[in-house]
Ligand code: NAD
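The chain below stands alone and is given as structure tokens, in the form predicted on its own.
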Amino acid sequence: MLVVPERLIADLVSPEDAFAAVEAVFAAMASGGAYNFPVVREALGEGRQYGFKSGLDRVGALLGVKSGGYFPGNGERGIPNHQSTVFLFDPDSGQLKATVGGNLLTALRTAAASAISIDRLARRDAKVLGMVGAGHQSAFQMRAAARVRPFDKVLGWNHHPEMLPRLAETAAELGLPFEAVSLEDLGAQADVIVTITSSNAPTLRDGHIRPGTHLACMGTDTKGKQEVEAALLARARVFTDEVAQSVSIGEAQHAIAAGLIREADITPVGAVINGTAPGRQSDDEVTLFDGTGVGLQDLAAAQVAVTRAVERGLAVEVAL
């Protein structure tokens, strides 16, 4: 078995690597060559969450599981609140092949998914990026978005305004002006909006969003979470990483429950990548990507880390 520790991931997997790996996995999922197993998630009390995401990719010869969760007390311990590890198995024998640190990989693959949706669904002339949420993941999201569209400026809003300097610093790093605005102003100006919060109640309303906007909703990955008003999904064309997760633990769960949309109304973004479903069909269309986060994203990104670590002689071999 090979071990690739967390401390090596930053030098092994680039954002571009993550983008390519996740795009390939989405395409494999849409063609039927890969599928995710049901998500297991448990509340441990005091805000702690723990669970497993796993799947099989026959195209990429990947079988494995990501184990991890959210532990809000970790800041006092000097470690990230999100903790995860990816385990890769041989899909033929079931033998454990590699154990890979999953914290940075999770951030990279999540940002890659939203960037893929922007690349495939946002208007080509999109110039203003709106960010709703200013947590740790927001910096990865902004950088990834800026790689696929030449934005002129960034607008930001957060439940806790004292966290907005993180967005301002990331925008400055990218050479973009930043402005903290109200949700109304953000919706009125932004061509692309990325939501990356842990909200349990809708923040963005249908009335905030103007025609032609693309939204990448990346924070809802658990039953009960919600970032945008359900009515917005009824107005938009809805895309997702995986339909089964979208309707059960993603942003679409609320619109489905209210009878505003049907499961058949949701398109896997992999089908757009494969050319079997259309993407944006007009400049006035509102498109929305429900990014629930699938286990196959983690496996694909982890495989990149393992391949690079072996090439560079950095992987640690441990006898089973």
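All figures in this text were calculated on a predicted structure; none of them were measured in a lab. Residues carry their position along the shown sequence, with the first being 1.
FYI, the form predicted together with this ligand isn't displayed, but the following is about it.
- Partner proximity in the predicted bound form, defined as non-hydrogen atoms within 4.5 angstroms of this ligand, places exactly one of 115 to 123, 179 to 187, 199 to 207, 91 to 99 at the interface: 199 to 207.
- Interface membership of Arg147, defined by any non-hydrogen atom within 4.5 Å of this ligand in the predicted bound form, is ruled out.
- For Ala234, no non-hydrogen atom is located within 4.5 Å of this ligand in the predicted bound form, even though that partner is not displayed.
- Taking non-hydrogen atoms only, Gly60 never approaches this ligand to within 4.5 angstroms in the predicted bound form.
- Proximity of Thr85 to this ligand in the predicted bound form falls outside the 4.5 Å heavy atom cutoff.
- Met163 is the sole member of Ala168, Ile79, Leu174, Met163 with a non-hydrogen atom within 4.5 Å of this ligand in the predicted bound form.
- Of all the residues from 291 to 311, those having a non-hydrogen atom no more than 4.5 Å from this ligand in the predicted bound form are Gly291, Thr292, Gly293.
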